[in-house]
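Just one chain is shown here, as structure tokens, and it is the form predicted alone.
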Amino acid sequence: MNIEKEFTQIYNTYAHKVFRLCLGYASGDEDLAKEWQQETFIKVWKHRNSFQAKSSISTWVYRIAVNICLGDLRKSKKHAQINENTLEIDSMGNEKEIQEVQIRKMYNCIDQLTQNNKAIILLELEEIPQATIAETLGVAHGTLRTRLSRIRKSLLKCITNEK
């Protein structure tokens, strides 16, 4: 397989998942998520020859995406703060509006997690296998499962405003 076809296959396989992962880091800001997604695949293209297959290609791509998102957040603090007022559900709102508010509320709760816990839950939400998440983030699988359990409980409390 030539390099361009191989890259296209990688892009087609992971672009959507990388976008959604980045969307989580961007607190729902689609433009920022697209920017990070694009930057991820530019890095994949530039460094494709340095991939040594010590991990799966998915682990490598997700690691690049997580590093780009975290690095950009640390450098520029571009992510938008979700105004608590936007989380209010209008009693006259339709089902789609309610769903959008719930999604924003979930992103707001995810935004309150530590960077590592945020990476774990965003990869989990993408249905990335736990072994891949553990390898991507450099933690033991058992540790990952424990942290996931705590993160889920924390998010549940946040979403239901129990804190």
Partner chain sequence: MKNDKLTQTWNRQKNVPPLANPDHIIKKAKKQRSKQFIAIAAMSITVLTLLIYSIYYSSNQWNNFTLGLVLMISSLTFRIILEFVSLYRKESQVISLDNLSFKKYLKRHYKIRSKVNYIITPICFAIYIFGFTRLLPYFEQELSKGFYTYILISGIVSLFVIAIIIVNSILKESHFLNQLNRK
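All values derive from a computational prediction rather than experimental measurement. Numbering follows the first chain given and starts at 1.
Only in words, not in the display: the form predicted in complex with its partner chain, which the text now covers.
In the predicted complex, residue 131 stays away from its partner chain, with no heavy atom inside 4.5 Å. When its partner chain is considered in the predicted complex, residue 152 lines it closely, a heavy atom lying within 4.5 Å. Taking the partner from elsewhere, residue 68 is found to have a heavy atom lying within 4.5 Å of its partner chain in the predicted complex. The closest heavy atom approach of residue 94 to its partner chain in the predicted complex falls outside 4.5 Å. Residues of 23-59 placing a heavy atom within 4.5 Å of its partner chain in the predicted complex, in sequence order: 23, 24, 30, 34, 37, 38, 39, 41, 42, 43, 45, 46, 47, 50.
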